[in-house]
Every structure is written in C-alpha cells, then in structure tokens.
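One chain is shown next in structure tokens, namely the form predicted on its own.
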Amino acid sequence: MIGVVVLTLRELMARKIVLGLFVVATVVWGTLALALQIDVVDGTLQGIRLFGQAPEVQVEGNGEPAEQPFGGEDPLRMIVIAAESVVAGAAYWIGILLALFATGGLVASMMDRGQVDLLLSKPLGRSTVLGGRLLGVGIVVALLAFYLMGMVWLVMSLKTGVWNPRFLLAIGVVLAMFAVVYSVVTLVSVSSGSAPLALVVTLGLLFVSLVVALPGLPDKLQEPWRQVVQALHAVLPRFADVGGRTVPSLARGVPVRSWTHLVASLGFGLVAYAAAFAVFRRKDF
C-alpha cells in the first residue's frame, strides 16, 4: 500500500492546482497576520484593528467606555473568534470544493487501462490498491487543512494571547465531511471510470442536499413530495447542517448541541465507500 500512496502523492504534487492551494493558504494566513494590529501601552490594551476596522465599544451615559463591551465579552477575544470562524467557514464551504476539484480525477485516472493494469500486476489486493489511492488523497487534503487552519489559529493566538484550542476540532469536521463527499467521487469513478461524471454527480448531490435542508421546506410541500424531501434529507449527507451548525460551534469554542448531522453524514460515506470497494473488487479489467 505504501507504494500506491507514494505514487498518488507524486501525482498530486505534479498537479499545479494542489501547489496553488497551498499558495492560497499561505496568502490567507499571511494576510490575516499582517491585518491584525494590536496597540498596547504600558501593558494595557488600547486598540484593536482587523483589516483597518476597530471594534465598536459600548459607552455609558457619561460618555465613558462601558466596563463590559460586547455584552460582557472581551473585545479582543471576540475579534479572534470572529476571524477564526470566518476561516473555518471558508475552509468548509470553499476549501472542500477546491480540494474536490484538485483531487477529483485521481480515482478515475487510476482506472485507465495502462495504469490499473500496472497496479494490479503488483502483489497487492484490489482493496489495498484503492485504499492506498484514497489514503494518498487524504494525506494531501489533511496537510492542506492543518496548514491553513492551524497557521491561522497559531498566528491569531500568538499575536493576541487568546487561545481557542477547540477551533482545531473544526479541522477534523472539515476533513470528515471531505471524506464523505469524496466517497461519492470514488463510487462513481470506479463504476464509470469518468472523472467529469464523478464531479457532476457529486456536485449535483451536494446541491440537492442543500435544497432539501432549507428550513421549513417540507411544510410548504404537499404529499408525496413532502415525504420525498424528508427522505432525501435523512439519507443524503447533511452538508449544510454540518457547515451551518457544527463547524461554527467548534470555531467559536461553544458546545455542539447535536452531532446527529455529522454522524448521519459519516454513515452515508461509509456505505458509499463500501459499495465502491465492492464494485472495484468485482470489476473486469
């Protein structure tokens, strides 16, 4: 399996898109590091600016600053959490899609006649070959996620002294949901051998999952469409629910009310991967 992983990593490194993603990640955390300005005079916080904007401070009737701005929250902590939340949201919504486009064709390219024949000629089982391919993809995406989100967290924490370690848990959720999305790519790729079809089907499934997750949608529909929407929402990955509830809660360092959406999505991914491995083992090459 190690050989397949190394081959996958080399192929990914040869793709300029992956290198571009690391460059973009560097620009993001570097810009954030330069944009955050903290003024401290005689050990006292005098001003905070992020991208040139200062937080509003509540004032008392006599014009003096209130003792508890931001409703009792430390303004510095509020800015740090807000910046980290933005990065977590971008890494989830945009980062997953970019990583999908960067790696979406790897499983299908492995199905090409010359390459798959070479891989299967080695003393490796088919599950090992496919598993090594997926592991290589996962390593690169994990490095990208830890690099971007980890550097943002480290820069913000070092510059402000505000440490929010629960933010790092959002990295695990982002990677878990990418794995769920990639399960669809894997299943369609091993079934059809077409990278464009795999991406189209995956994006279509994501779009449907976003539509059926709209608040109050079932109540606006009549039977049998109401049951169809509810069934789709129960079966498909809950991309919108995880991105709108679980990730923001982790980024803000507040307790997650429910892990149901993430667990249900992981269940879908496991079923899709099981089907992909079954198809790959039985496919005639």
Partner chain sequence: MKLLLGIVHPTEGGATIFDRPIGDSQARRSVGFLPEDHRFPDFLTGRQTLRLYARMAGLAADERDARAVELLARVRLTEAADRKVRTYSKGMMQRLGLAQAMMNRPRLLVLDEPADGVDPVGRREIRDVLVELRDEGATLFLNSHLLSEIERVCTRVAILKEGRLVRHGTVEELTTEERVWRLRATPVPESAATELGESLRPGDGDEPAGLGRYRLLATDRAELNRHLDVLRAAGVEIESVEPLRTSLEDFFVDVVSR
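Positions refer to the first chain, counted from 1. Since the structure is predicted, the reported quantities are computational estimates derived from the model, not experimental observations.
Form predicted together with the partner chain: not shown, discussed below.
With the partner removed from view, the residue among Pro215, Gly114, Gly204, Pro196 that has a non-hydrogen atom within 4.5 Å of the partner chain in the predicted complex turns out to be Gly114. Three-residue candidate spot Arg166, Pro255 and Val263; no residue lies within 4.5 angstroms of the partner chain in the predicted complex by any non-hydrogen atom. With a 4.5 Å cutoff on heavy atoms, Gly172 does not count as touching the partner chain in the predicted complex; it lies far away. Contact annotation: Gly125 falls within 4.5 Å of the partner chain in the predicted complex, judged by heavy atom distances. Remark: Leu120 counts among the residues lining the partner chain in the predicted complex, judged by a heavy atom distance of 4.5 Å or less. Heavy atoms of Val23 never reach within 4.5 Å of the partner chain in the predicted complex, leaving it off the interface.
Contact with the partner chain in the predicted complex, judged as any non-hydrogen atom within 4.5 angstroms, is confined among 77-85, 106-114, 180-188, 148-156 to 106-114. For the stretch 250-282, the set of residues having any non-hydrogen atom within 4.5 angstroms of the partner chain in the predicted complex comprises Arg281, Arg282, in sequence order.
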